[in-house]
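Shown next as structure tokens: one chain only, the form predicted on its own.
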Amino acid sequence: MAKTLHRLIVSVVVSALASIFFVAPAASADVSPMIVGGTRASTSTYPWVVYLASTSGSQFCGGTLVKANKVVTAAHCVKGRTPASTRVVHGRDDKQSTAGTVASVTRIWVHPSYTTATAGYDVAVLTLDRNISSATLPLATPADTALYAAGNSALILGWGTTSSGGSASRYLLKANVPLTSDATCKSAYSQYSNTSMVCAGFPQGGVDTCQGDSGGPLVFGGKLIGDTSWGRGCAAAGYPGVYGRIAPYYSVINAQL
């Protein structure tokens, strides 16, 4: 997929320029999404959104604080990484500031069935070296089927690029995108599976997650319903963003918490 491949290249290049900290594993080679068509947002409003960074501070993915010391992100963001090479930054709108907390990671759990993002199971849990005093975001459960109804206007957040192949955002951005039907997503992507994925985006495109947003939250009904996963290009007409569907993973994620 053009979007996912392009996202990975951008993520690796940015990170390499910063510190040569990470060689992406082959399993990640089809992934990595910033918010296109978004507006400025604040971590004071969305205190559970975080970003992942290298030890030198280079941001490469997003995540969601779901417990004081636990972050949900995408498996493709951390597959092959070591806890020692990964940091989680909380409470920092501006990546060039020193606000907030920088936590070290002590453990990385990747869904055992994960191979590539386009095959599903693109979810991971990070354990932090400290408890962060902050509101957390509840996980969608298997009973929350109504949260996934087509047309629901879901929130996306991230520090990624504002156009496909563009520059990463200095600031946290947000946007709202409608969830699509399974049929709509399947017509765009043959790999789509509603047991592990959910799509969101306008038919005409224009608003989407993009490079650097991977692992960040898809939110509706006050719950984490998805994590930014993959797609073709960014905000392209007819190609919605694809997100890991959190509800089916509730039990395995909760076991990590």
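Given the structure is predicted, the values throughout are model-derived calculations rather than measurements. Quick note: we count residues from 1 along the sequence shown, nothing fancier.
Omitted from view is the form predicted together with a small molecule, to which the following refers.
Listed stretches are 40-48, 190-198, 213-221, 64-72; the contact stretch with the small molecule in the predicted bound form is 213-221, by a heavy atom cutoff of 4.5 Å. For residue 241, a non-hydrogen atom is located within 4.5 Å of the small molecule in the predicted bound form, even though that partner is not displayed. The small molecule in the predicted bound form comes within 4.5 Å of a heavy atom belonging to residue 231.
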